[in-house]
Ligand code: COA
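Okay, here we've got a single chain as structure tokens, the form predicted alone, with questions on binding and movement later.
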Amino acid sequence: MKILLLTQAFNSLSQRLYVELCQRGHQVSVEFDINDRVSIEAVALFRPDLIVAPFLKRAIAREIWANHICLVVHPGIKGDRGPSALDWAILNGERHWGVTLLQANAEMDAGDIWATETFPMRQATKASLYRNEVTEAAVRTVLTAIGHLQQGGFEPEPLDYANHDVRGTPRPLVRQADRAIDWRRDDSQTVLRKIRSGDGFPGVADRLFGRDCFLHDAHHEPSLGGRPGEVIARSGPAICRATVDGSIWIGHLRDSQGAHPFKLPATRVLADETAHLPEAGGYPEISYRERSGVGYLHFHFYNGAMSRHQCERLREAFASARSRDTRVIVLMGGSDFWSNGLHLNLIEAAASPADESWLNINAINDLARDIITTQSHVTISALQGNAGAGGVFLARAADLVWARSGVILNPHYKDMGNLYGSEYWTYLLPKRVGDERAVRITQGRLPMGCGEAFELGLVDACFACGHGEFVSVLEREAELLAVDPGWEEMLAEKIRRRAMDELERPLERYREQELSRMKRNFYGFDPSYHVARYNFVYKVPKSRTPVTIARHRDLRRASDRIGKKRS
């Protein structure tokens, strides 16, 4: 089928649907819903059999839905309507929630139902639920609907609030007043629920040290306490704030009136106000555990961004893990992201973004080098969540890359102002997959599913299991590897191969060549990287859909060229 994804942005759900539908042989194109004229033009150019809207902020134009089947992914149960479905579900403490696939009509979220899926609610942020449970359910509903279309004769279910299984109701947009925290009355769970309902956007409006801020990235603190509302400690990027029955960590803030009105580590935003606070270790950023000869190194970096200081701390933690009497080290990343490379927000906020970019890439490279040259352990990168840009190649620095089947990879840098990239990718990738596939991986500018990554050799194993099952499956396999009789031979072969590679071309030569190109990106006459980074950090809306995903735009250009040749 020809399927058009009409979406506000190419977000995690849109990318996952793109990958899943392409894998199943459908011809898929994407159009950003910039305005009615652009969307109508896209439909006319592509002539789709089906339009799927995975992420929209406004109604589809009548001219489109009246003439085509348009299925809208709504992150709510049957009968739920409105723009804040997940927000309300978290605020209200729903134990189960769902996704409903609706046919667009004249009334928002009131169309006939093509498919619906439900799932148990985790205690997690809106963004995490969206990337995981909502995305998995959305994929299943879309595939179900496509099956109905291909078989024919299916009649969607009209929305009828008289039906006993329609539990949802129309709800308005969540306002800041609905999330407002009363520090004198709200317990820790209530505060967490309110912040999680607005994370990652728009956050919860509050005041800290007389400054208006938006709160993000909240976690429970089990032991500290103080006067409700008081900031009592710091840990890495986070501040600890007391509640009526304990305290919570707040990892990130957005000071919309400040010099840098985007999300930054809380201790960066409130550097002067929190410098005197005692350090505690409660914010869950880097942690380590051992079991059955395997060391598990977790690094839960917010949105997968890795600053130079985070890379330095992770490098120290990795060195400590290598000193342990274990056989396997598993680099776990975080539950939502393994890594997305450079910390673009902190770079944008630096006095010299070019200098901070340089320091950041070198810190990531130092970590990658330590992983590549490890001779004491077999190393595994375990991708629970998505990875992008330099994060993909940092993962490839390990001996093995194991990934969950629903993970999406974006193994390219070029969309960030044509960055060349580093992390020793010019060594790691051709050695692993060959030159031709290395070009395909890095130049494609397209999201990649776990299946394709496995076929290309970018990952070594793809586990077909859900988000919640992956860790237990991974632990079983890693611990079997630690007791495998062939472990010593595997380690010896790794050491031999690394020595041969070093004789052929020293590892640092690859780094020098990559960084010479990166230096031009950071300090050269072409400002593309700095412009792209600014647009990303400030969330500047796209003015057009990239031709890499808008295939119908490519078709038009091709026909124009053919017409010119004929004339």
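Everything numeric in this text was worked out from a predicted model, so none of it was measured. Residue numbers here begin at 1 and follow the sequence given.
Note that the form predicted together with this ligand isn't included here; everything after this is about it.
Proximity of K263 to this ligand in the predicted bound form falls within the 4.5 Å heavy atom cutoff. Although the partner is absent here, N303 sits close enough that one of its heavy atoms falls within 4.5 Å of this ligand in the predicted bound form. The shortest heavy atom separation between N11 and this ligand in the predicted bound form is within 4.5 Å. In the predicted bound form, this ligand sits beyond 4.5 Å of every heavy atom of G79. Only one of K539, R505, R37, R62 lies close to this ligand in the predicted bound form, with a heavy atom inside 4.5 Å, and it is K539.
Scanning A238, L342, V191, I329 against this ligand in the predicted bound form with a 4.5 Å heavy atom cut-off leaves one residue, L342.
You can rule out all but one of 244-252, 318-326, 385-393, 489-497: in the predicted bound form, only 385-393 has residues with a heavy atom within 4.5 Å of this ligand. Contacts of stretch 118-141 with this ligand in the predicted bound form, defined by any heavy atom lying within 4.5 Å, are made by R131 alone.
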